[in-house]
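First, one chain by itself: the form predicted alone, in structure tokens.
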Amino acid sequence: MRWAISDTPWVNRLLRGRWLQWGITVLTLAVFVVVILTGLLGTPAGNHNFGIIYVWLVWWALLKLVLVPLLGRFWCSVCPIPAPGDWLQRRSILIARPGGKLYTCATRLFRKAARGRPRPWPRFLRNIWAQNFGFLAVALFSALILTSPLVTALTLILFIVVSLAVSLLFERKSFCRYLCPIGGFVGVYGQVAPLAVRVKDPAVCATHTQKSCYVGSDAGYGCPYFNLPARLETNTLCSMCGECLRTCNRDNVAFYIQMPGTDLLNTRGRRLDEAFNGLMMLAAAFVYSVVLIGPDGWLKATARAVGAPSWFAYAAVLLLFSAVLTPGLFWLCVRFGQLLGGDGEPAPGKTAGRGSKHATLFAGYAIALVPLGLAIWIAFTLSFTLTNVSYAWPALSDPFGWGWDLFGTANMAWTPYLTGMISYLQIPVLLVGLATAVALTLRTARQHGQRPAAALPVSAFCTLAVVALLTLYMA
């Protein structure tokens, strides 16, 4: 069951227009500039700096608690980081340039370097492996980034410079599609969201050779994420930007409201890079929980001491746990499941070779980590945010820490919210995530032609992760 909300006249006008999306982007860009300025010029005390509070408390909490679970990758369509590069690449800030020739280089220098046209992204990098390793790279320095205004500002500047360079040299939103570390997080967990962009009738697309939704038209740009809407089955690679809705001259694209988690129901044909993303995100959430809100303060101090011998030990443990031990343990669970429930059937288009079976099952079972991982991130965010979000009120009035009181809130004291309720919020969130994960493991076994017993080891893996976190949170 799904409802095409874009068929409602006023919603359709809103989505086809550019002012709403553009307005939100300009607003987020303005906040982005303030964040950088407060990082460079403001107080070095993280709990009084606008940048730290509004990026790593307010925005990060909204992303995990509201935007991703409800709207999928919508944030990507209004993110300020790629906006300057997009505007230069398109040679327009708001109005679509006519004729469909919209993705051109922005300056003579870059036109010459790209021989007059934007380059295609390298074929061997057309996956999310770069996003996965980029996320791990950020995770290594996360304790410092989360607490140092200067490091936060420099990190954001680095992101916008890389995004700008990629936009000037390569086609469309290659940075967002293939490089952005946050994009991998948002894309994988966005599969839980009820909002989706899909075609109304695939048969119409099959007979439409113009493919204006992909190449662009006078009404808008071709899909910035290199998607053919007819092939979209999940939210992983769709930013909800609405360009396909604007450019489809057959009125065959719609924004739908569907049951949450619908994108997760098909576990066949899944990709290894997305599977590893789910495993790395799960491991990172566990590490963040232990280091940032755990009882051992020396762990947080070690994570912040970048360059010290103890930090290198911490970095080695984080990389080993996230990139080797967690995926390795999950692989063993999948293999043990094969012993219990059979090898199953190869995915469509795959041979029956042993390697392909293992990879197919590994990627299929990793779907269970999407709702589980999101639940773990939500539980972690509730603890971290409710304890510290009251810092937002003074930082709003005195963003630089210079003694201002713009809105009369500069002297509001730090007050943890709902401290007695945090555990009661975390427990049901984690249990719902676990129940959904177990249900998906059983579905995966069935869809891959295995006996139900094949789901037991992966279900045990998910249960172990939840029990470990509940032990930590309840301590």
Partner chain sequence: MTRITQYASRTTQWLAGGVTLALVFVALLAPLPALNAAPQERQLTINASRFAFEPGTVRVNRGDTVVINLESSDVVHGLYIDGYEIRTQAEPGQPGRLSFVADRDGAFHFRCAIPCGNLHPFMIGKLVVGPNLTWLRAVAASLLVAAGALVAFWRA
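None of these values were measured; they are calculated from a predicted model. Residue numbers count along the first chain shown, from 1.
What comes next is about the form predicted in complex with its partner chain, which does not appear here.
Asks: In the predicted bound form, does each of Leu125, Asn127 and Asn227 have a heavy atom within 4.5 Å of its partner chain?
Replies: No, none of the three is in contact.
Asks: Which one of Gly342, Pro202, Gly269, Gly294 is close to its partner chain in the predicted bound form, taking close to mean a heavy atom within 4.5 Å?
Replies: Contact with its partner chain in the predicted bound form is made by Gly294 alone.
Asks: So which of Arg304, Arg90, Lys357, Arg198 reaches within 4.5 angstroms of its partner chain in the predicted bound form, heavy atom to heavy atom?
Replies: Looking at Arg304, Arg90, Lys357, Arg198 one by one, just Arg304 meets the 4.5 Å heavy-atom criterion.
Asks: I need the one stretch from 62 to 70, 25 to 33, 421 to 429, 403 to 411 whose residues put non-hydrogen atoms within 4.5 angstroms of its partner chain in the predicted bound form.
Replies: Partner-contacting stretch among the options: 421 to 429.
Asks: Residue-level question: is Leu20 within 4.5 Å of its partner chain in the predicted bound form, judged on heavy atoms?
Replies: Contact check for Leu20: no, nothing within 4.5 Å of its partner chain in the predicted bound form.
Asks: Would Leu14 count as a contact of its partner chain in the predicted bound form, using a 4.5 angstroms cut-off between non-hydrogen atoms?
Replies: So Leu14 does not count as contacting its partner chain.
Asks: So, in the predicted bound form, is Asn388 in contact with its partner chain at a 4.5 angstroms heavy atom limit?
Replies: Residue-level check for Asn388: yes, a contact with its partner chain.
Asks: With the cut-off set at 4.5 Å between non-hydrogen atoms, does Met474 touch its partner chain in the predicted bound form?
Replies: Contact with its partner chain, yes.
Asks: Heavy atom within 4.5 Å of its partner chain in the predicted bound form: which residues of 458 to 472 qualify?
Replies: Heavy-atom contacts to its partner chain in the predicted bound form: Ser459, Thr463, Val466, Val467, Leu470, Thr471, Leu472.
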